[in-house]
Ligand SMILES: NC(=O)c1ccc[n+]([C@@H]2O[C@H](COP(=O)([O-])OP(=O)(O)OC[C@H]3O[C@@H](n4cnc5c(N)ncnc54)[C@H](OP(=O)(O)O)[C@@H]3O)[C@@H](O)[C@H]2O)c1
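One chain comes next, on its own, written as structure tokens: the form predicted on its own.
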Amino acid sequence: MKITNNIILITGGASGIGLGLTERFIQENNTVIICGRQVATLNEVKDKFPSVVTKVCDLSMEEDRIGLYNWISENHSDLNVLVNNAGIQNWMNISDIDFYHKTENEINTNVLAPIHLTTLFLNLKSLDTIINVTSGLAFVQLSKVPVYCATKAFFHSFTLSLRYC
């Protein structure tokens, strides 16, 4: 991938690793579009980096993923890089009363959302690069975040498989 003059969508681009990627890609003269759930956080990034394009969406929701794709295809159809970065991590124990709900939310956000986004964005003729952000916890189990580790291991394996498509 060339590192300059791209049109890049970074999911979860307003905090953590996503914010680091946002900053770095801006330095390399790329157009950066970020999405996230929190308007205030997106606005903080926009204030710091006025060239950033922001879009509010909750990627755990299928309709928001479809809406994001439709918005990109209408407004930024020359997007050529998708960075699947958004993710959540819940500290939990299987005995927690809301364990299933937290698990469902983590799987929707960390596994289903990036798979769905990948299949949607492959419809953009300009797309030539997909970057998937996983974690070292794909390889090392941390008992306080069992589902997170499993989702990152899944996503790592999925990413390796994409190389052969």
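Residues carry their position along the shown sequence, with the first being 1. The model shown is predicted, which means the values in this text are computed figures rather than measured ones.
Omitted here: the form predicted in complex with the ligand. The next part is about that form.
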Sole residue of V52, V133, L124, I130 within 4.5 Å of the ligand in the model of the complex, by heavy atom: V133
Heavy atom within 4.5 Å of the ligand in the model of the complex - residue from Q38, Q27, N70, T119: Q38
Answer for A86 alone: is it within 4.5 Å of the ligand in the model of the complex, judged on heavy atom distances? yes
Heavy atom of G18 within 4.5 Å of the ligand in the model of the complex: yes
Heavy atom of L9 within 4.5 Å of the ligand in the model of the complex: no
Even though the ligand is not shown here, does C57 get within 4.5 Å of it in the model of the complex, heavy atoms only? yes
So in the model of the complex, are K2, V81 and T159 all sitting within 4.5 Å of the ligand, heavy atoms only? no
